[in-house]
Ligand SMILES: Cc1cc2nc3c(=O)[nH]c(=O)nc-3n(C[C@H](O)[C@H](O)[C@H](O)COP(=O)(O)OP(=O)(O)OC[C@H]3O[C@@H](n4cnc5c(N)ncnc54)[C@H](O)[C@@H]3O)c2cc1C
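Shown next as structure tokens: one chain only, the form predicted alone.
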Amino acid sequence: MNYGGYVLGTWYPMGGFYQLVLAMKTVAEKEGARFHFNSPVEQINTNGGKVTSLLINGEELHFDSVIASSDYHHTENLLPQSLRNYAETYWEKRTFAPSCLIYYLGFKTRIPGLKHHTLFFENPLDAHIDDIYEHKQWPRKPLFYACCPSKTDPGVAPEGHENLFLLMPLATGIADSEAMRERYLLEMMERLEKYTGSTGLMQQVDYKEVTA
């Protein structure tokens, strides 16, 4: 990923990266692929050591072959216990990639001094990493990433508006609450205001969605 960024350059599809997803879907459909949305796989059924069908929304559907690109642990949990390569105790000892807190924000004003990509690394990196992997707690001195695609692509926000998302890495399995999420949003916004020389950005938010 670093090599791609430095040597090949970073590319952005106008309209957002979802346009790439739609383009891949179009190509696949031209080749005869069919997509089933809102269809979570609940179970992988086997016979004689071979996958024969999937249980989807309570219905058994048969396939000639199945390719699983989901997380390995999740995929194994869809198989009978006897066909899994690892016991649950194995997964309990693994160190998983961090989670994250993401805010999708829309502003009814433009934000000066902000680029498409901005890393807010004013605090020591090691302290944030230790809070994720060693202490498994909310970061005491968080770092975060801000992405403002409307700086590159005016089509992703109404005229005179701004499209921004903020991402802060987190430890997995920590206690979560709306109050805690809002606390970190306010901190990120304060640092954003300081960096851009803006004021009152929270009052300019006209769209907000959060995921963690």
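Keep in mind that this is a model prediction, so the values were computed, not measured. From 1 onward, residues are counted along the sequence shown.
Another form, the form predicted together with the ligand, is not on view; read the next lines as being about it.
- With the ligand omitted here, the record of contacts in the predicted complex names 37 to 45 of 183 to 191, 24 to 32, 169 to 177, 37 to 45, defined by a heavy atom within 4.5 Å.
- Between the ligand and the residues Thr152, Ser70, Thr52, Asn57, the one pair within 4.5 Å by heavy atoms in the predicted complex involves Ser70.
- Taking non-hydrogen atoms only, Val7 never approaches the ligand to within 4.5 angstroms in the predicted complex.
- Within this chain, Ala127 is remote from the site of the ligand in the predicted complex, having no heavy atom within 4.5 Å.
- Interface residue remark: Leu79 is not counted as part of the site for the ligand in the predicted complex, having no heavy atom within 4.5 Å.
- Heavy atoms of Cys100 reach within 4.5 Å of the ligand in the predicted complex, making it an interface residue.
- Interface residues of 1 to 20, taken as those with a heavy atom within 4.5 Å of the ligand in the predicted complex (partner not displayed): Met1, Asn2, in sequence order.
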